[in-house]
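The form predicted on its own is given below as one chain in structure tokens.
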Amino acid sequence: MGKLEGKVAIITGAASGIGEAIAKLYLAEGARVVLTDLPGHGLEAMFSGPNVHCLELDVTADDSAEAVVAAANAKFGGLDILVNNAGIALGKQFEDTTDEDFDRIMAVNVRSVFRTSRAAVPSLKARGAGRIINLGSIMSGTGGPLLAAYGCSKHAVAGLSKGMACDLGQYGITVNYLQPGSIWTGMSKPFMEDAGFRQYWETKAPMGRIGDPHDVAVAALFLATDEASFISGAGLAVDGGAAIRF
């Protein structure tokens, strides 16, 4: 029997990278899943079957949060787990970052987390328990060059997750956030193609390598299980130890 047998999950940004890895692992562990990503990203071509429902949408759209939660209730009869994975990165000098850059990264990385989580709460409460897992970053607790706006958004995810955990614990709902380090994904590829950047992160992590999306997915699986019922408001680092090293 899978670790998520009988559970219903929403995973945003599931067409690639970490979101794709989480979706595949949750399905393998018996979950029924509602997956979202932007139109044209090939989500429906990647996932099919009776335990999957795909929605092509922009998580920043006004009606997206309500639409995805409604789909979970209509297709699978409820909701147990929400994984707010959708996100974007921006590598830009602070003084070159425009208002539009900042607003967009906050809309995707923070506002969508807030809105989708808020929309999910009634369905999670109806179950008598639930899991919300947000995607933070190693930048949720530190900073780095060219990452002022991105780091700001991921600090916000950490703060939002802790506040949500305080308010929702009374309903049996846990809220935690993952803190991936440098992970090989389509989003990180432009950075990884810089040999100096890649070597820096390989050297910084005591494990001596760049992470794989599956490394993050197994952490997301643990936080979704019944075994994690007393863990809330926590940030789980999945960075090969990079954040602890000078």
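Remember, it's a predicted structure, so these values are computed and weren't measured experimentally. A residue's number is simply how far along the shown sequence it sits, counting from 1.
Just so you know, the form predicted in complex with a small molecule exists too; it's not on screen, but the next bit is about it.
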At 4.5 angstroms, heavy atoms only, are Asp80, Gly130 and Ala237 all close to the small molecule in the predicted complex?
-> no
Using heavy atoms and a 4.5 Å limit, would one call Ala15 a contact residue for the small molecule in the predicted complex?
-> yes
So in the predicted complex, does any heavy atom of Ala217 sit within 4.5 Å of the small molecule?
-> no
If you check in the predicted complex, is Lys204 within 4.5 Å of the small molecule, heavy atoms only?
-> no
Distance check, Leu147 to the small molecule in the predicted complex, heavy atom within 4.5 Å = no
If we take heavy atoms and a 4.5 Å cut-off, which stretch out of 72 to 80, 94 to 102, 169 to 177, 133 to 141 is in contact with the small molecule in the predicted complex?
-> 133 to 141
Taking 4.5 Å between heavy atoms as the contact cutoff, choose which of Ile183, Leu221, Ala31, Val68 touches the small molecule in the predicted complex.
-> Ile183
